[in-house]
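As a starting point, one isolated chain is supplied in structure tokens, in the form predicted alone.
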């Protein structure tokens, strides 16, 4: 009985200590978008973000949770009306949940264990070296979003150097665009898999550490001639699957597929990035050199004894890179411009396209109003063929902060394109949007 009282007292004291150090934050956000062409809703998301943090001397506990509702119901039959999950579906995601220990075992060695977002790279949202966490492409306009990973991270500090190692024991694939968006991008994400209603099967890697784990190393230096540099290495698998076998029949003079098999190829990535300042201009550069596993697509025609193979991903390295700068002019206009070679889903030297992303904005009324008057992007494959293959996105928006932590944003996204480009295929999806966000 005495031991029970002591344990109870310790538990109460620990709970009181944690409650005194608990910091809760987050935001509430509403995001509504309507297509200009047919006035239909293209996106309707209501999100509650909650973060909790407790710091106890050298130990920090952190968590982040999303609670979301996408507005529209998922009812397809009468019985669905009896289930609230169909009528008003709610999505709960644990984005992060980890413990961070400072000076673990020895001085200057930090250990972080749990679900965590490990962001590498210096560019603004478009990061060729950010390859540890799976891509979260649910919202194609939310660049740079990733899932968290259950990982072990060790960081060791020596002067201006930081040595980081990361181990992720299990494989998690990327989240593809929500709704009918993925149909639009089928041949972009899955080259060789013809866009049609066919049976698909994905081969996941064996759950062993050898086949499913991911490993990363990074060396960072804080100050070399005013610049910060880092060199990184990642070994794992691509989180977007690629087809390796298509089966079908030859009918009416053409091949009609009925099934496709996909898998996640292995990948080695060497990364480099830098960031600094040149006479008041912020500059950055980032590059990822990808060493992929060779992928051969096998096509089987069942009613004709024909079988053919073609290499759709060569075993040769290719490089995605980004260069950018930002600057605030004397008249208050802020400019952010980036040039990107190779988007995150593009694989192989011959498939990398070019993107120029830009944003010019100015604030008014004591910074309560922000006008992004020149914002968007331009995509092209080759400079000599821009007029036949391009995509242009113009995305002006106005934000208003009537009080601290509350922001209203209204904007429009206009898309024009020609030829075979990633964003050009969205030229009939111009939209207007309204966002409301309150942070606490």
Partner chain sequence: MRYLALALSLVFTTNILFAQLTAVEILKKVDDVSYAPKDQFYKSKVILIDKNGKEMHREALMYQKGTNKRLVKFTEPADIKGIGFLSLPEDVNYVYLPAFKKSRRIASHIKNQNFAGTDFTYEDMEALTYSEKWEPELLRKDEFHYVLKLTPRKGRTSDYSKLIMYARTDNFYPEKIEYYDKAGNLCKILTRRRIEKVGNYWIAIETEMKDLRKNHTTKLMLEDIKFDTNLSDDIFTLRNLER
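Model, not experiment: these values are computed from the prediction. Numbering follows the first chain given and starts at 1.
This protein has a second form, the form predicted in complex with its partner chain, left out of what is shown; the following refers to that one.
K.L.:
Just one of 84-92, 108-116, 69-77, 299-307 has heavy atoms within 4.5 Å of its partner chain in the model of the complex; which?
P.N.:
Looking at the partner contacts, the answer comes out as 108-116.
K.L.:
In the model of the complex, does residue 209 have a heavy atom within 4.5 Å of its partner chain?
P.N.:
Close contact is absent here: in the model of the complex, residue 209 is far from its partner chain, nothing within 4.5 Å, heavy atoms only.
K.L.:
Classify residue 219 as contacting or not contacting its partner chain in the model of the complex by the rule of any non-hydrogen atom within 4.5 angstroms, answering yes or no.
P.N.:
So residue 219 does not count as contacting its partner chain.
K.L.:
I'd like to know if residue 58 sits close to its partner chain in the model of the complex, meaning any non-hydrogen atom pair within 4.5 angstroms.
P.N.:
Because a heavy atom of residue 58 falls inside 4.5 Å of its partner chain in the model of the complex, the answer is yes.
K.L.:
Check whether residue 41 has any heavy atom within 4.5 Å of a heavy atom of its partner chain in the model of the complex, and answer yes or no.
P.N.:
It does not: once its partner chain is placed as it appears in the model of the complex, residue 41 has no heavy atom within 4.5 Å of it.
K.L.:
Heavy atom within 4.5 Å of its partner chain in the model of the complex: which of 248, 121, 292, 148 fits that? Just give me the one.
P.N.:
Contact residue from the list: 121.
K.L.:
Taking 4.5 Å between heavy atoms as the contact cutoff, choose which of 282, 134, 169, 265 touches its partner chain in the model of the complex.
P.N.:
Selected residue: 282.
K.L.:
At 4.5 Å, heavy atom to heavy atom, what parts of 131-159 sit next to its partner chain in the model of the complex? List them in sequence order, or say none.
P.N.:
Stretch hits: a single one, 157.
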